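Given next, in structure tokens, is a single chain: the form predicted alone.
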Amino acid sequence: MSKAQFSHQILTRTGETRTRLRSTHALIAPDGNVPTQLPGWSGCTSVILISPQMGARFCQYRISLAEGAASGPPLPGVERFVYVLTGTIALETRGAAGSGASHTLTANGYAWLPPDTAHTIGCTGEATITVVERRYLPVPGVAPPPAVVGNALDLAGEPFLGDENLTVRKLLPDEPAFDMAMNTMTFRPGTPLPFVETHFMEHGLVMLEGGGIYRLDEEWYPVTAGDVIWMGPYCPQWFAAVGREQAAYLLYKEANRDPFRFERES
């Protein structure tokens, strides 16, 4: 038994976990994940990590697909973003009059699918994906954009606020038709965010590699690959990479909409 496995057993047997849920944020560590069945998905193990039940305005899942697995559709009016954590998936989209496209997405591959886009996600081996879903907020006179498919590693990273040690890759166009942003942030060892951010947009975050310290509101948390974080509106937030390896995360954020459009339902 490794030291990490031994430590995990001790924590489990004594009722300890790194998971924390607060009114303004949540840290979801893998040790407490509980699988559930999502309608229409077959051959999959699904974990609902972020949802409206905790106060969020979107949902985020981690789905492990076995050979022959198949996806179910999102609800009407719901957009879907898929990011491949491990393995390879096959994405099939279907348009009007039988038109469609086929895509093979490997690790760090992603796809954004407009609401009500007929599609299937399959797997011929094994794969793990993270999925973000939310109700699309249209803008009068602006049509929803077409699907976007790519791989994060094919994109040129940009220094964040001029810091060459912190690289951002923007996975979706920053255009009025898109109501969400999906980015990856990569930190060289020891690199922090330049300031404590506080804003009305909420976040969903998946640690992809490495680790560090995350400040959420008035608390500081050690985080590592596999952790998921929800940051609610106006939650003060800050991160610094710790250790000898680079750290990276995938980040969801609301974008390009008037704040009144994000009011919670009463």
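Residue positions are given as counts along the sequence shown, with the first one as 1. Just so we're clear, the structure is a prediction, and the values are computed from it rather than from any experiment.
Another form exists, predicted in complex with a small molecule; not displayed. Remarks below refer to it.
Student: I'd like to know whether Met185 contacts the small molecule in the model of the complex, with contact meaning heavy atoms within 4.5 angstroms.
Tutor: Met185: yes, in contact with the small molecule in the model of the complex.
Student: Using 4.5 Å between non-hydrogen atoms, is Gln237 touching the small molecule in the model of the complex?
Tutor: Result yes; Gln237 sits at the interface with the small molecule in the model of the complex.
Student: Using heavy atoms and a 4.5 Å limit, would one call Tyr110 a contact residue for the small molecule in the model of the complex?
Tutor: No, no contact at 4.5 Å.
Student: Just checking whether Glu219 would be counted as a contact of the small molecule in the model of the complex - the rule being heavy atoms within 4.5 angstroms.
Tutor: No, no contact at 4.5 Å.
Student: Has each of Leu193, Glu197 and Tyr214 got a heavy atom lying within 4.5 angstroms of the small molecule in the model of the complex?
Tutor: Per the other structure, all of Leu193, Glu197 and Tyr214 touch the small molecule.
Student: From the list Met231, Ile50, Leu65, Ala241, which entry has a heavy atom within 4.5 Å of the small molecule in the model of the complex?
Tutor: Here the answer is residue option Met231.
Student: For the chain seen here without its partner, which of 56 to 64, 199 to 207, 220 to 228, 36 to 44 has a heavy atom within 4.5 Å of the small molecule in the model of the complex?
Tutor: It is the stretch 199 to 207.
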